[in-house]
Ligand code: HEC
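Shown below, as structure tokens, is a lone chain in the form predicted alone; questions about how it binds or moves come after it.
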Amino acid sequence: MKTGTNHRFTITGMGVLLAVALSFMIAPLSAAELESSIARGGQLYDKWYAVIDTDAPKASHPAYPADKKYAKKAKSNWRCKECHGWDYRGVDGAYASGKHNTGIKGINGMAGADTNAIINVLQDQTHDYAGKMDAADFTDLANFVSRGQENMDQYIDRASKSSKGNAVKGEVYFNTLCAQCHGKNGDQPKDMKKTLGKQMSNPWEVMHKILNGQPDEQMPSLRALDRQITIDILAHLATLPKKK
């Protein structure tokens, strides 16, 4: 009996050690999957209906103020960014004034929140996304809201809209990572309405798209790279031509 008992404890101990070892092996894959989920969530925040390849709702979003500029443009007012901003601060950020101002708060208060709580908010009567996305979409969007937001004031000077990066280094990154699609002058592809230099009038949007990618396009997400690379690229973009 004593021998059998010791044997059982030995097997149990080996099982614990194996489980611990496997947890270290699995952790990097889980982290990679999380980064991928966050990046896709960032695209959903940008234009969710393009990401899931569906039509935008025909009726305006119920929470969008009726007296604001995009009240009759459902394709615009159903985008999360339209109310909450590219800097995620809503009325307290870049959308405090101007044509995109709605008076609605940002999502920054939900940073670090439980993802299930965020999903419940997305599906409530105010946000009204229930039935418009599937479970994986809600998970990705919630992961972005909880763990993917950036404090952009660390990287972009709010008053001047200037990146705090190094434009010389940014040119190297841009020419090797981005120029194949955007051209060295940042004026490609041909159907891009504004040059990248012109788009730097809204550096928060550009940073969001660099980190998460462009919905329904092949543009990669640079989220897995050091943030210094992103802000260096932003600094270089500000030096590019404003016109094609």
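Keep in mind that this is a model prediction, so the values were computed, not measured. Numbers follow the displayed sequence, beginning with 1.
The form predicted together with heme C (HEC) exists for this protein as well; it is not shown, and the discussion that follows is about that form.
Although the partner is absent here, residue 64 is a contact residue: one of its heavy atoms lies within 4.5 angstroms of heme C (HEC) in the predicted complex. Not displayed here, heme C (HEC) is approached by residue 209 to within 4.5 Å at the level of heavy atoms in the predicted complex. Though the partner is left out of this view, residue 201 does not reach within 4.5 Å of heme C (HEC) in the predicted complex, counting heavy atoms only. In the predicted complex, residue 214 approaches heme C (HEC) with a heavy atom inside 4.5 Å. Proximity of 136, 235 and 239 to heme C (HEC) in the predicted complex is absent: no residue of the three has a non-hydrogen atom within 4.5 angstroms. Checking 96, 167, 104, 71 for any heavy atom within 4.5 Å of heme C (HEC) in the predicted complex turns up a single hit: 104. For the residues 56, 34, 52, 219, the 4.5 Å heavy atom test against heme C (HEC) in the predicted complex is passed only by 219.
Counting a residue when any of its non-hydrogen atoms is within 4.5 Å of heme C (HEC) in the predicted complex, the hits in 61 to 92 run 61, 63, 64, 77, 78, 79, 80, 83, 84.
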